[in-house]
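Coming up is one lone chain in structure tokens, specifically the form predicted on its own.
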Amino acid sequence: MSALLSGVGLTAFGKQPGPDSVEWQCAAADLALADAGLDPLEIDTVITGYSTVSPHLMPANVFAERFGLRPATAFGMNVGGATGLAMLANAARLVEAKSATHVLVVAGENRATGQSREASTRTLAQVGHPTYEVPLGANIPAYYALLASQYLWSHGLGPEALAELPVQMRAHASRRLGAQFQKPITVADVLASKPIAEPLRLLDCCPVSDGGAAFVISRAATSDRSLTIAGTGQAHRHQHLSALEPGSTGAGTAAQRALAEADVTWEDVDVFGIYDSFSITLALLVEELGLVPPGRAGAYVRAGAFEVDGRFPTNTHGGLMSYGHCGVGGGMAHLVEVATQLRHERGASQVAGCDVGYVHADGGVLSAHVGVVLRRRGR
């Protein structure tokens, strides 16, 4: 028996003053339950992601109370940006073990308007080593900038190689309602944008957003739009940048575990959702996964491989770099988009013949990896 993804919910992302983190979670949950065709009282398990703006010790209970649920089981999770897919993987296991019937997975934050830039930077920097990294003033962009510098140097590339990736993400977002940034950009725009941490510039980085996302994972289909969660895989090889092994972060391991469980190969996958907190994040991930050769991510993007009609249609909603990043919900948006593609509901941006999708998320500094394979039922 495989667990089923019966409902998804995704709000618009951006600077949207008013709702707090739990209210964004409630908004996304409403959308997911309506999508699944379920009454809230049919939910027996709630799993929520963390919020840096409202760091409750018992986030699932706080959400359930606000939303009016009394689940038999409720708990929160935190593995950084990989949290959304890790929650889905745990929900699938609960359903497969018959310990749950309908699991609501939810995340959301008012990170753009409910927290100062300084507070957000300081909080997120704590993924660094408390002795060797954080005291030196490092932050998330700085950690990824070090990876970008190493990548460009080792492959003899200039920053324009990475600039191709945010250009592609923005092109996708220009055709996706709800994306934070939709105005098309060029490589020249990326290279001319404000320096953040050499060699990364503003347009190499994802924005901070308000928004929410939610999934419903069920034991049985609630409609003919329910999708099979065919395989999941995880790998946790390190936490801190100082312990990272370039080219072997665990991304490939997590992906292969998910593919093996689903009994598919990359040749079977039609659409991709790959975590893209920075241009370098996406480049490193697609190369370690084995989708493109080392050092060639930018060249493949330039050749159209990541377009809707390319060999590897990727982040067709615009990804974190353009749809936006509201914390845990940002990584969940990739799965919502892949699910929408597999349901053949993306209109002019629909990937043709789309039956199998792969979604990948990472947390920390390429520290925690989760891969998920989704499949249209009967395929």
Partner chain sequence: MRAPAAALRDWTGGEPRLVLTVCARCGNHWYLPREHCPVCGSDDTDELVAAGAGLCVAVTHVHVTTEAGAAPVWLTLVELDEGPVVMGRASEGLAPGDRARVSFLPDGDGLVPSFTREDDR
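Keep in mind that this is a model prediction, so the values were computed, not measured. Residue numbers count along the first chain shown, from 1.
Here the subject shifts to the form predicted in complex with its partner chain, a form of this protein not shown in this document.
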Although its partner chain is absent from this view, report whether residue 115 comes within 4.5 Å of it in the model of the complex, heavy atoms only.
no
Using 4.5 Å between non-hydrogen atoms, is residue 243 touching its partner chain in the model of the complex?
yes
Residue 159, heavy atom within 4.5 angstroms of its partner chain in the model of the complex:
no
Using the partner position in the model of the complex, report whether residue 135 sits within 4.5 Å of its partner chain, counting heavy atoms only.
yes
In the model of the complex, segment of 172-180, 273-281, 115-123, 226-234 with a heavy atom within 4.5 Å of its partner chain:
115-123
Looking at 191, 142, 74, 259, which is the one with a non-hydrogen atom within 4.5 Å of its partner chain in the model of the complex?
142
Name the residue from 248, 186, 150, 99 that puts a heavy atom within 4.5 Å of its partner chain in the model of the complex.
150
Residue by residue through 187-213, which ones have a non-hydrogen atom no more than 4.5 angstroms from its partner chain in the model of the complex?
195, 196, 197, 198, 199
